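Only one chain is given next, in structure tokens, and it is the form predicted on its own.
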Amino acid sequence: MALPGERFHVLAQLEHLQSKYTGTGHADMNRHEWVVNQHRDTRAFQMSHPGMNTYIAVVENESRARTRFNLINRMIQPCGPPPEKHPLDDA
């Protein structure tokens, strides 16, 4: 059986991770923000690993520098503009 204080310890660890890493999300994060974080993390991984960058360059028939440039540009708004907020969503 778990101790009562153990639950609060796990929640404190979760809050620490969420404050340290932006991609882990938080309670007020909407779906669009979460998906944007996922896409940016993926693009950063593809750009920073030379083997992955070379693979993408071969597939797209571009140079590695052009591929890196394209990945950086795709990180600006990877999922399009954010959805409009409704006046009733004052949270």
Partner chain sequence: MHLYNLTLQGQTAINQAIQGNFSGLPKSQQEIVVGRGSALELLQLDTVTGKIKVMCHQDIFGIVRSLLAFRLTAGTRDFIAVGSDSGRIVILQYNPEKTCFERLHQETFGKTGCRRIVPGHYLAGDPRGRALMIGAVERQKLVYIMNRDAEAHLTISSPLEAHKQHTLCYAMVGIDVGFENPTFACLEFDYEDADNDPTGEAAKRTQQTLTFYELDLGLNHVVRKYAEPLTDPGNLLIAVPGGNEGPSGVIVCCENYIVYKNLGDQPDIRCPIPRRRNELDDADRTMLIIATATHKTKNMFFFLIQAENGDIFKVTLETDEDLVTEMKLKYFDTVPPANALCILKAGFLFVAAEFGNHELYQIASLGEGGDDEFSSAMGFGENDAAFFEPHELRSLIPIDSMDSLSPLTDAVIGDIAREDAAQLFTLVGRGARSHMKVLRNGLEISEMAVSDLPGNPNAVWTVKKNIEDQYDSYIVVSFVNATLTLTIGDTVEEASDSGFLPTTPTIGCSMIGDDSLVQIYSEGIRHIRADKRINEWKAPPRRQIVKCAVNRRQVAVALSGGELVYFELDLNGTLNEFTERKLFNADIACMTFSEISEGELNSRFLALGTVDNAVRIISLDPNDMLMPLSTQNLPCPPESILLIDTPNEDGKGVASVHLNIGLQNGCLFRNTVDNVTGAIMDTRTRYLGTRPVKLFKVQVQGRSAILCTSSRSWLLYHFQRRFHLTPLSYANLEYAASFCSNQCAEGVVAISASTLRIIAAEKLGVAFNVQSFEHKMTPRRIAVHPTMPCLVVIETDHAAYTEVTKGLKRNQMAQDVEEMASDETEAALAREIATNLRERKLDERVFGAPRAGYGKWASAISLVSAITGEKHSHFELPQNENAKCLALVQFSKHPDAVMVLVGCGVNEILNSSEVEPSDSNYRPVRGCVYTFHLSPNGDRFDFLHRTETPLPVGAIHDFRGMALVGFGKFLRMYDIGQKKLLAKCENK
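Numbering follows the first chain given and starts at 1. Note that the coordinates shown come from a computational prediction; the quantities given were computed from them, not determined experimentally. So that the term is clear: the rigid core is the largest set of C-alpha atoms that superpose within 1.5 Å between two forms.
FYI, the form predicted together with the partner chain isn't displayed, but the following is about it.
> Using the partner position in the model of the complex, report whether residue 13 sits within 4.5 Å of the partner chain, counting heavy atoms only.
Contact with the partner chain, no.
> Taking heavy atoms only, is residue 20 within 4.5 angstroms of the partner chain in the model of the complex?
The answer is yes: residue 20 has a heavy atom within 4.5 Å of the partner chain.
> Report whether the minimum heavy atom distance between residue 57 and the partner chain in the model of the complex is within 4.5 Å.
Residue 57: yes, in contact with the partner chain in the model of the complex.
> Give a yes or no for residue 64: in the model of the complex, does one of its heavy atoms lie within 4.5 Å of a heavy atom belonging to the partner chain?
Residue-level check for residue 64: yes, a contact with the partner chain.
> For a quick check, can you give me the residues of 66-84 that have a heavy atom within 4.5 Å of the partner chain in the model of the complex?
Contacting residues: 66, 68, 69, 72, 73, 74, 75, 76, 77, 81, 82, 83, 84.
> So, superposing on the core, is the move of residue 72 at the CA at least 2 angstroms between the shown form and the other one?
Result for residue 72: no, shift under 2 Å.
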